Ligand code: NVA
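Consider the single chain below, provided in structure tokens and representing the form predicted on its own.
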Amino acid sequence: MNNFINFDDFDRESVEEAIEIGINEKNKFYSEDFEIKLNKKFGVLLFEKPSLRTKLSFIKALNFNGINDIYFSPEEVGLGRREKVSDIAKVISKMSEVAILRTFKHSTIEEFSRNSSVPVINALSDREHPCQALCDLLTIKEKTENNLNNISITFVGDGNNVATSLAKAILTFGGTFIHSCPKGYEIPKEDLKVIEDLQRKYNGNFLIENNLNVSVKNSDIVYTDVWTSMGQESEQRKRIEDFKNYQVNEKIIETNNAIFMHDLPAHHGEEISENLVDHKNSVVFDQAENRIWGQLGIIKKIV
């Protein structure tokens, strides 16, 4: 049994296979050669955090794999509050073929997976967002002519779950990942150790560059995320002040003729200039759609 909780739970070959599955199924879907085979399998989505893209894309990915979806909101289950995480994992293992969790704490998913006899997928935790990263690789592969080992990407923003998983993803393919952020907002040290190991293994290049203008020079892709994530609302005022010089705007994108990416939702006027998502170099909405196809590949690989 395989899980997909941290990005590096998949080796390079598994990532490549999942991406290829997603691309092939997407192409079949749009060529009207796509068949949904209904069966008796079920996938359970347990969410502690609300989501538009994650919920919708996973429901479609499950159904396109012929797996029925069952969604539980935070109020219905109460992971670790109303009922022990281990008990919930054992119950779901008896009644489904895959569990998809979106949680506040990474430790919740780890505890769940230890007690689960069915595959577990991390749909977001405070530490990683591996599905977003794999789907981003699919988008990059679609939108560029370069091999992934020749890609240079600058991530502008907090060293959060998205940055951590994306750094692992890019380095797994030997690319260059530059993290641009104010001092004190770098990717956590415990995750940097894994990133450094991947850098050595696949001959990639990982850099931290606090100067925004320096970091984006010669980058094929400029990627950003919100400055304040769910659960950090008490820090919002401080974060807006600390990140005020890290807004991605049209000038940055056009000067470098870079592809623009954002995992959404976006705060227009904060981490990006107004309507940057609609810029001609933006692939943001294709990136959102590709959550379906990358996750379809993940599910087909592990279920």
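One rule holds for the numbers: they count along the sequence shown, beginning at 1. Keep in mind the model is a prediction, meaning the values are calculated, not measured.
From this point on, the text means the form predicted together with norvaline (NVA), which you will not see here.
**Q** Does norvaline (NVA), in the predicted bound form, lie within 4.5 angstroms of each residue among His129, Asn160 and Leu264, using heavy atoms as the measure?
**A** Yes, the whole candidate spot contacts norvaline (NVA).
**Q** Please pick, from Val194, Leu148, Val226, Leu212, the one residue with any non-hydrogen atom lying within 4.5 angstroms of norvaline (NVA) in the predicted bound form.
**A** If I apply the 4.5 Å criterion carefully, the residue I get is Val226.
**Q** Which one, Leu124, Val156, Ile153, Ile100, lies within 4.5 Å of norvaline (NVA) in the predicted bound form by heavy atoms?
**A** That would be Leu124.
**Q** Have a look at 201-209, 137-145, 87-95, 226-234 and name the one stretch with heavy atoms inside 4.5 Å of norvaline (NVA) in the predicted bound form.
**A** Stretch with heavy atoms near the partner: 226-234.
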